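One chain follows as structure tokens, the form predicted on its own.
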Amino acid sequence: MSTLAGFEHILRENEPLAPYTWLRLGGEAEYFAEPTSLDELSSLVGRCRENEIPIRILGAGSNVLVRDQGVPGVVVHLAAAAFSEITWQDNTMSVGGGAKLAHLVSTSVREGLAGLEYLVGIPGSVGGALHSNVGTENHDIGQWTTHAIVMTRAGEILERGRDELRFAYRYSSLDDLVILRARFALEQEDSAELIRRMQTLWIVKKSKQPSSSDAMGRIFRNPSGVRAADLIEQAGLRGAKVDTAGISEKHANFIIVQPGGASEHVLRLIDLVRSQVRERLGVELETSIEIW
């Protein structure tokens, strides 16, 4: 650890990553860091840059599949309070990139700020949500985003205003190393009505998805004008399995992993689904999950 000397208080070696991801799979991080302040994060990023050490940012782990071989370099877990603060004034909310998206949604609803309630039930951190512009068919997080403070891969801290932000279906121009903070301009509405709307959306969404107790992940992006789940069903793949990984019987765009599973099983199942949908329907599916 000589090249990372001085960071021992926030750094661990050979940390298993499976407990930090929704799929509960994968090997170890060569180094695993949990900085407690922006200064610590900035210093660590600078040291990694100087020594050409690979660095990745891990939020809530809902959209990550870690390979069985593990991850070289440093994995930074943004779990500290310094990266997850949520504040609000009038119709504006300011949120740390490490905050849970669910916490942002529930806070906005409680404070009578409308717009983000449509994101209820979507897992992950705010930073991860912004990176891939999560949402539903008609609503996404990008439409409410006015500013973002980011850390680039060179370690610079920059503010990106609405005029330079670009959002599209499951796409965001926010591809910097870290999304430190974001600001949302929402609409004021009666809190009780928002709570009712959120609860209804939550019930409908959960009725269509696998149990949250399963090790699971939504795998593919929806191609333009069609749902990936529908394509997978049309290809006859509902319930298909590769060893411990299987397509959910309840929602065909979810992969469920049995206890004792391996990332290799998920990767092989992904390849199977993509090849079968391509051959039978002529559509090339793209993964939405990040594979490390």
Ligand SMILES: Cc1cc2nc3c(=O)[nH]c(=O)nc-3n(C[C@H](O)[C@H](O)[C@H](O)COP(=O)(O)OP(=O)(O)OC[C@H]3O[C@@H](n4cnc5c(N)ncnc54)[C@H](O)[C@@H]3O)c2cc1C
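Residue numbers run from 1 along the displayed sequence. Please read these numbers as outputs of a predicted model, since none were measured by experiment.
The same protein also exists as the form predicted together with the named molecule; that form is not shown, yet it is the one meant from here on.
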_Using a 4.5 angstroms cut-off on non-hydrogen atoms, would residue 29 count as touching the named molecule in the model of the complex?_
no
*Any chance residue 183 has a heavy atom within 4.5 Å of the named molecule in the model of the complex?*
no
*Does any heavy atom of residue 110 come within 4.5 Å of a heavy atom of the named molecule in the model of the complex?*
no
*At the 4.5 Å heavy atom threshold, is residue 170 in contact with the named molecule in the model of the complex?*
yes
*Any chance all of 128, 134 and 177 sit within 4.5 Å of the named molecule in the model of the complex, going by non-hydrogen atoms?*
yes
*asked:* Please tell me which of 64, 228, 245, 33 lies within 4.5 Å of the named molecule in the model of the complex, judged by heavy atoms.
replied: 64
*Could you check which residue among 196, 166, 103, 205 gets a heavy atom within 4.5 Å of the named molecule in the model of the complex?*
205
*asked:* Only one of these stretches, 216 to 224, 183 to 191, 85 to 93, 156 to 164, has heavy atoms within 4.5 Å of the named molecule in the model of the complex; which one is it?
replied: 216 to 224
*Within 4.5 Å of the named molecule in the model of the complex, which residues of 51 to 88 have a heavy atom? Give them in sequence order, or say none.*
57, 58, 59, 60, 61, 62, 63, 64, 78
